[in-house]
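For reference, the chain that follows is the form predicted on its own, supplied as C-alpha cells.
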Amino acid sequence: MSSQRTMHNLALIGFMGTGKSSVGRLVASHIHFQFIDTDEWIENHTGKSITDIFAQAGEAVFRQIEKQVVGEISHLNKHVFSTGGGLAANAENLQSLKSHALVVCLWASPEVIWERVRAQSHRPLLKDPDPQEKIRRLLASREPFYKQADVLVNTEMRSVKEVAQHVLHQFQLARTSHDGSAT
C-alpha cells in the first residue's frame, strides 16, 4: 500500500456468495460508517433489478452503470462499500476504490460459492446451462483483479462475525499505519 493513500472508506470486493453484503453491514455498524451495496444502489437509482438490467440492456450496459457508481462513491467518507462481484474486475474501478478505501477481497472456492448461491434466483450470471462451470470460469478470469486487493480473506470456514472481525482488524491496522489514527 502506498503511503499516499487515504483510508477513509472500506471496500469489499469478491465473487458473489462470499459474504460481502453481510460482512459489510456488520463492519459498517461496528465502526459507525454508512453502508452501501453497489448492486442495491444501482437498483434503487435505475428502478430496475440487476436481472432486468442484464436481460433488457445487457452486461456491458450494467458494467458501465457500475463504473458511474464507482465515480460517485469516490467522493464519500466513512463508508463501507459492498461491490458487485464483477465491479473490481475493471482496472479503473479497482484503482478508483484504492484511491480512497482499504480494498478487502472476500474469497471462497467455486464449490463453496455454488453451495451458497445455488438456490438464489436473482443471479443473472448463473442463468447458464452449467452454472458451476460458469462460476469456475468467472472466478478464474476475475482472480487477477481480486488478488490486487490490499487484503484477501478466505470466508469458507468462518462465520460472518469472524470474517467481519478480521476485516475490522485489517482496517484498523491500515488506518493506524497510514494516518496514525484508529476508528
Ligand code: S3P
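Counting begins at 1, following the sequence as shown. Bear in mind the structure is a predicted one, so any value in this text is a computation, not a measurement.
The discussion below concerns the form predicted in complex with the ligand, not included here.
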query: In the predicted complex, P124 touching the ligand (heavy atom, 4.5 Å); finding: yes
query: F62 within 4.5 Å of the ligand in the predicted complex, heavy atoms; finding: yes
query: Residue contact check: L152 to the ligand in the predicted complex, 4.5 Å heavy atom; finding: no
query: Non-hydrogen atom contact R142 with the ligand in the predicted complex at 4.5 angstroms; finding: yes
query: Interface stretch in the predicted complex with the ligand - options 152-160, 129-137, 23-31, 62-70, non-hydrogen atom within 4.5 Å; finding: 62-70
query: The ligand: the contacting residue among F35, W41, W114, F54 in the predicted complex [heavy atom, 4.5 Å]; finding: F54
query: Partner contacts in the predicted complex for 15-34 (non-hydrogen atom within 4.5 angstroms of the ligand); finding: F15, M16, K20
